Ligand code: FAD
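Single chain ahead, written as structure tokens, the form predicted alone.
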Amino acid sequence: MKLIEKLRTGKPTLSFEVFPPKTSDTYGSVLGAVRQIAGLKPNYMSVTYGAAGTTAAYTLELASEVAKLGVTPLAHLTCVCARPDTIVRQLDSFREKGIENILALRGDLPEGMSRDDLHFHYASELVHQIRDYGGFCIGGACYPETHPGSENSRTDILHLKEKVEAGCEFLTTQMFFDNDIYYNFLWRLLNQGVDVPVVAGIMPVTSATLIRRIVRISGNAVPQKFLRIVDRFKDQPEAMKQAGIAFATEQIIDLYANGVNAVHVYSMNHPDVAEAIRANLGSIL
């Protein structure tokens, strides 16, 4: 099923992200986690694509497994180290497995590689190729707190508009911890005429180490309310986990209450975290 059909129903949706293993020796455990999360019957599950396409085969296998489990898969596809012909081969593989939904991403530039080495400089170029290939529902990524490579927020929005005009049918945000930032982002998108569904990406922060790493890498704004939670429970792993799940649940409920129907949870291959959030939402869904 094409995801855009699910996202335009007006009903609350909940989806989870999983990532493939880097090596074959952990494939079994990852597959087990995928099956457990699929058992929660989310509206769809996304399967990430390793840096420079290093997990392409596993992405295909896991996305295919998700479909067999009765859940709609969303396969990530990056183009930073790809050529047009390798993208065609990947699209052929997706089509053969019956995968209809792709999250089109440029991907991070590998160390030692310059932009001059790239065939694809922007995700919008990948979106163009997938659209011309035909048969897929195409999604893209967006940054409520502005892409780190953009000059400013206005330029970032204009690039997103180009991506949508290229054929991107929905957007999924990077994680954010302050819903007001997301609401303001939606307003700025609409002000520029970008009106595709924008799925809210939520990361349940279940350890103090994780939040420090997130802030260091992404520079996300973290509300004082959550910083106080981390300070109070940072040395109590189980309490921190429970508090992080509760905070993420509160974010999600606020989003639904304000008319945001599509929420995507970065569950980090943790079925217990996905299950706890699904249970907390109960009748809301």
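Start at 1 and count along the sequence shown; that's the residue number. Here the structure is a predicted model, which is why all the values come from computation and not from measurement.
Another form exists, predicted in complex with flavin-adenine dinucleotide; not displayed. Remarks below refer to it.
Region of this chain that lies against flavin-adenine dinucleotide in the model of the complex, out of 177 to 185, 190 to 198, 162 to 170, 89 to 97 [heavy atom, 4.5 Å]: Partner-contacting stretch among the options: 162 to 170.
4.5 Å heavy atom contact, residue 136 and flavin-adenine dinucleotide in the model of the complex: Result no; residue 136 lies far from flavin-adenine dinucleotide in the model of the complex.
Close approach of residue 71 to flavin-adenine dinucleotide in the model of the complex, 4.5 Å, heavy atom: Residue 71 lies outside the contact set for flavin-adenine dinucleotide.
4.5 Å heavy atom contact, residue 43 to flavin-adenine dinucleotide in the model of the complex: No, no contact at 4.5 Å.
Heavy atom of residue 145 within 4.5 Å of flavin-adenine dinucleotide in the model of the complex: No.
Answer option from 130, 205, 202, 123, heavy atom within 4.5 Å of flavin-adenine dinucleotide in the model of the complex: Exactly one listed residue reaches within 4.5 Å, namely 123.
Sole residue of 220, 48, 64, 249 within 4.5 Å of flavin-adenine dinucleotide in the model of the complex, by heavy atom: Contact with flavin-adenine dinucleotide in the model of the complex is made by 48 alone.
In the model of the complex: members of 1 to 28 within 4.5 Å of flavin-adenine dinucleotide, any heavy atom: Stretch hits: zero.
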